[in-house]
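Starting off, we have a lone chain in the form predicted alone, written out as structure tokens.
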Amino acid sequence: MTLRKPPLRDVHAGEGATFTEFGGWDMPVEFDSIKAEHAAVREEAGIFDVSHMGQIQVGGPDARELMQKLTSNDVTELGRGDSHYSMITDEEGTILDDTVVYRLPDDEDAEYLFVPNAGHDEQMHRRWTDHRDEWDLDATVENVTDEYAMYAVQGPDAPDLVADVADGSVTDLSKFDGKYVEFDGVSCWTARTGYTGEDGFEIIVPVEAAQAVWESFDCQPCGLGARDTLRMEMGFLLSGQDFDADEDPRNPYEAGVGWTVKLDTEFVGRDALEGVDAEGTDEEFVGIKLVDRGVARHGYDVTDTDDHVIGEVTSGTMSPTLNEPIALGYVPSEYADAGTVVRVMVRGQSKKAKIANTPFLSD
């Protein structure tokens, strides 16, 4: 399979980055070291190339109705420049993807921009156009993923760093607010969003300006390796790993994001999720801390104290900030309280662990 490449793939290679396949893309996983990149974001600032994230624009008279029917959060609450986190579910309430939905300024051709995960842009473009046609709605749906690069500048120093580079104010943006700001003379969608738990911005840059804007930021370049350890410390979901519609189907309540489900709106999966909300779930997405030495990884079994398998680790790492092994996964609800003792099978050995609150950094 030919991998898709971010616009600056060769530039990153020249900077010494190593690469990995992710969602069908050839993406930088590490520039210096995951530990150094992780620390830069927690203590100062770092920049990530996240051009593998999809960008779908939706416009026209029925754009809001189409967005409302295909995402779980309440799109009508978004004012111009607002955004929110949302789920895309099927009729059974299973998460197909998670996304951020932006409502664009009124002088734009499109009304909304939403960001599917890597490799999901074509699937979501098809889903939107198929339902638009089925429901006979007057809306435009355009997959513009290949027309833009996307960067995330994250860390406590990120606001000042971005403000110094931007030709226009950005520190007036509140969390989940966005607007068009010029960088190096090019207008870029800039939002105070991110995936690291730190303050910062995500910037969507026209491809022709990708290198100039990337090079205008004087901070640590970071790869997907650090992005993964940072998001795990916050307990954030990763599509395809912490939920997967085919291999590990989960609904938003199981995945701990039931707050994104607005049952007073009408969307695909709403009726199924109303039932889940009323009856509760059998399993819950939890944080896990290993007490014994070892690192839990995706797919490792979680057991009770008698070594009976009760669940599975979906993500795990050695936390660079805490210097202790952390993990995420699903366990039966009766085991989900923080402090509950469980065990994780690490390379065939049973390791003592405890259920922990997330985010781990404030546990």
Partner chain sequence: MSFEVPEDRKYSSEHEWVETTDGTARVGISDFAQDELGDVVFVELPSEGDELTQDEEFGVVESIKAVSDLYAPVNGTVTAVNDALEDQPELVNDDPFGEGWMLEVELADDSGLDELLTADEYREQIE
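Positions refer to the first chain, counted from 1. Bear in mind that the values here come from a model prediction, so they are computed numbers and not experimental data.
There is also a form predicted together with the partner chain; it is not shown, and the following applies to it.
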property	result
Candidate spot Glu30, Lys35 and Gln349, all three touching the partner chain in the model of the complex (heavy atom, 4.5 Å)	yes
In the model of the complex, the residue from Asn73, Thr229, Ser83, Thr145 that sits within 4.5 Å of the partner chain by heavy atoms	Thr229
Selected contact from Met318, Ile310, Ala336, Ala40, since only one has a non-hydrogen atom within 4.5 angstroms of the partner chain in the model of the complex	Met318
Contact label in the model of the complex: Gly60 to the partner chain, heavy atom within 4.5 Å	no
Arg297: touches the partner chain in the model of the complex, heavy atom cutoff 4.5 angstroms	yes
Interface membership of Arg293, the partner chain in the model of the complex, 4.5 Å heavy atom rule	yes
Location of the partner chain contact in the model of the complex, chosen stretch of 326-334, 62-70, 297-305, 41-49 [non-hydrogen atom, 4.5 Å]	297-305
